[in-house]
Ligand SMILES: NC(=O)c1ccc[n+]([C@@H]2O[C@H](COP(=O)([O-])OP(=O)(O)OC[C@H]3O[C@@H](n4cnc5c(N)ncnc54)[C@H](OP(=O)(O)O)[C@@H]3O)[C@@H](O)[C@H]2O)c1
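Encoded as structure tokens, the following chain is the form predicted on its own, with no partner shown.
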Amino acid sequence: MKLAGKVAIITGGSRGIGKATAKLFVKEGANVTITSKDPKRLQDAVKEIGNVFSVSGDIRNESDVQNVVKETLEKFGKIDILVNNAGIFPHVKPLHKILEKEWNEVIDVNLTGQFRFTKAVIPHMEKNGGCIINVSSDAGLKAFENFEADAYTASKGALVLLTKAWAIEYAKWKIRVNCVCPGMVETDMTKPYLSTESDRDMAISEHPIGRIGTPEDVAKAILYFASDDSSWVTGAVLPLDGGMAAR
């Protein structure tokens, strides 16, 4: 078991990549807290995953974030791993048609929310080290034609560079910070863009390996960064996109 005795918080843990990661972490021996703002969906995930602790909260609310950390510490006594996975995808539209409110919402969830959780766990990792894994996107690595989701792109690009900044900033405390950048992964969030066979065929054609990703593909990469297999790795940014970013 690669995570035996470790304690992990996974944001956005009620579905998609977060839920798949929670399942894998539990299988590998970790004590896991999953969090999301939807209590019903969170409880459904707990039933599906099994031996997992859940705390509902809104990543946009600092007191909710602090409460997730507090309840995790009360339950397990420490925090070894943070997976910054929570995120939203906006309605696709050109930059000049984006409302400032829409822009701010995406940045608040996808970037400032990651800041809030990272800030909250750092003091509890400084004594014994820890691992932080940021879930960005291949949209944070390069620009894509006809991909009109500028706030999403900005948030994910910023998270890539913050990964490197945090890795350097906290290396002296043996806190490792790494980042995964998935391409198209089949989740609830991407389902509207895969609703027809032609949509699916187009998405597949964008990935040189010949398929879109699964949540489990990403979870396995997150496990690598969370485990001692990557004990000498920090500040790394890993594309998980079937070769899409290499084009």
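Start at 1 with the first residue shown and count on from there. What you see is a predicted model; the values in this text were computed from it and never measured.
If you look for the form predicted together with the ligand, you will not find it shown, but the lines that follow are about it.
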query	finding
Listed residue that, although the ligand is not shown, lies within 4.5 Å of it in the model of the complex (heavy atoms), from Lys27, Arg200, Lys220, Arg60	Arg60
Partner contact for Gly12 in the model of the complex: the ligand, 4.5 angstroms, heavy atom	yes
Non-hydrogen atom contact Ala167 with the ligand in the model of the complex at 4.5 angstroms	no
The ligand contact at Ala154 in the model of the complex, heavy atom, 4.5 Å	no
Partner proximity in the model of the complex: Cys131 to the ligand, non-hydrogen atom cutoff 4.5 Å	no
Stretch from 86-94, 119-127, 168-176, 73-81 whose residues place a heavy atom within 4.5 Å of the ligand in the model of the complex	86-94
Sequence-ordered residues of 170-203 touching the ligand in the model of the complex, heavy atom within 4.5 Å	Pro182, Gly183, Met184, Val185, Thr187, Asp188, Met189, Thr190
